[in-house]
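One chain follows as structure tokens, the form predicted on its own.
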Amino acid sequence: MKQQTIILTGGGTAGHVSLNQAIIPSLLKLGYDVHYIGSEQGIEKELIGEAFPQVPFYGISSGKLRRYFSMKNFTDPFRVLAGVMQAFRIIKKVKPQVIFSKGGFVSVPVVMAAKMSGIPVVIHESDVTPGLANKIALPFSSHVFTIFEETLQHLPQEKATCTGSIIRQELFSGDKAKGLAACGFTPEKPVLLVMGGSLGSVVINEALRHNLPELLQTFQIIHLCGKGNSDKALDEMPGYKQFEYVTTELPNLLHAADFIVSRAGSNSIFEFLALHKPMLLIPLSAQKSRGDQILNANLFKKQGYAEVLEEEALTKETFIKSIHTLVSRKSEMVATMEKTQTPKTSEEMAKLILQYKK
């Protein structure tokens, strides 16, 4: 019998790739021939290629979907159109039974090409409100899965299901001792992990570095600062370890952490929740985004999983004050997190997607 095939798409940020990373091993285990369509220069090419060299990767043209005026708004539709034709040729060659889209700008031409080819599309929305790419993709899709129950009110009832979070299984196999050893830390002093998303955050980096002398009196600090954002002058500071970006080491570093400071991308915060890590969330401001991280963060705060510090209120003083509040609420937060529903496994998610195959 001919091997069945699936195409995955999604990219632009690590958040638009992480679920795909989680389900690829399950799809391979089920005997599927897995292919990936991403952007020509996106982070997804590195993430998928490094973790799954056996999965063919196709880079296509894609345009950014902007909610504001830009001259590129006049040229990017042609890039999207070129991407549609490239994706159409790939789909005709690969002949998948279904396409799964995690969103991001690159997914739009793929979803459109799938509709032209008569291939069913399943999309996934991980924020409280649908992103622009998924809003465009929705009419071309067979079904959409969400993480938040609240998202369902923004979607057609007949084609939307809330699955809850899906967590990469390798995160649960992280080793605290290995994480501490990778940083040269000891088990006697608590560890604060600070990260600003896959691309890093200048404002979070600055807030942390302004407070380093005081924070190092209490914590050992792991700093995921983003590519090109390391400060070599701090490399020799005892108790401080900076990484521009990590992939395979992340599970160990997360297990080593006692507290986490982060942006509020939904994939990341659900991973912290699954590992019962008290978190201080500093969401992207409404001026820098559509406000999805603000909604994510405030919902987590309301449910007792996180402290929130709005970016507009972020200063040297508010940063350290919020961390002290986080530490004081550790026991309460962990107890609340322990009562949450067990995340779906990647195997369960893969089977949900495959029920829509052609």
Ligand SMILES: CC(=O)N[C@H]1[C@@H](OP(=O)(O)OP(=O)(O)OC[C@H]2O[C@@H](n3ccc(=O)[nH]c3=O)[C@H](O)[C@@H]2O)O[C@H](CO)[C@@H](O)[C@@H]1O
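In case it trips you up, residue 1 is the first one in the sequence shown, and so on. Only a predicted model underlies this, so the values are computations on that prediction, with no experimental measurement involved.
The protein also exists as the form predicted together with the named molecule; that form is not presented, and the subsequent description refers to it.
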### Message
If we define contact as a non-hydrogen atom of the residue within 4.5 angstroms of the partner, is Q293 a contact of the named molecule in the predicted complex?
### Response
yes
### Query
With the cut-off set at 4.5 Å between non-hydrogen atoms, does P120 touch the named molecule in the predicted complex?
no
### Query
Heavy atom to heavy atom, is T336 within 4.5 Å of the named molecule in the predicted complex?
no
### Query
Is P109 close enough to the named molecule in the predicted complex to count, meaning some heavy atom within 4.5 Å?
no
### Query
209 to 217, 265 to 273, 180 to 188, 92 to 100: which one contacts the named molecule in the predicted complex at 4.5 Å, heavy atom to heavy atom?
265 to 273
### Task
Only one of M279, A256, M195, V144 comes within 4.5 Å of the named molecule in the predicted complex by heavy atoms, so just point that one out.
M195
## Note on the structure
Students should find that, of I221, V261, A133, L284, the residue having a non-hydrogen atom no more than 4.5 angstroms from the named molecule in the predicted complex is L284
### Contact set, 82 to 118 vs the named molecule in the predicted complex - heavy atom within 4.5 angstroms
none
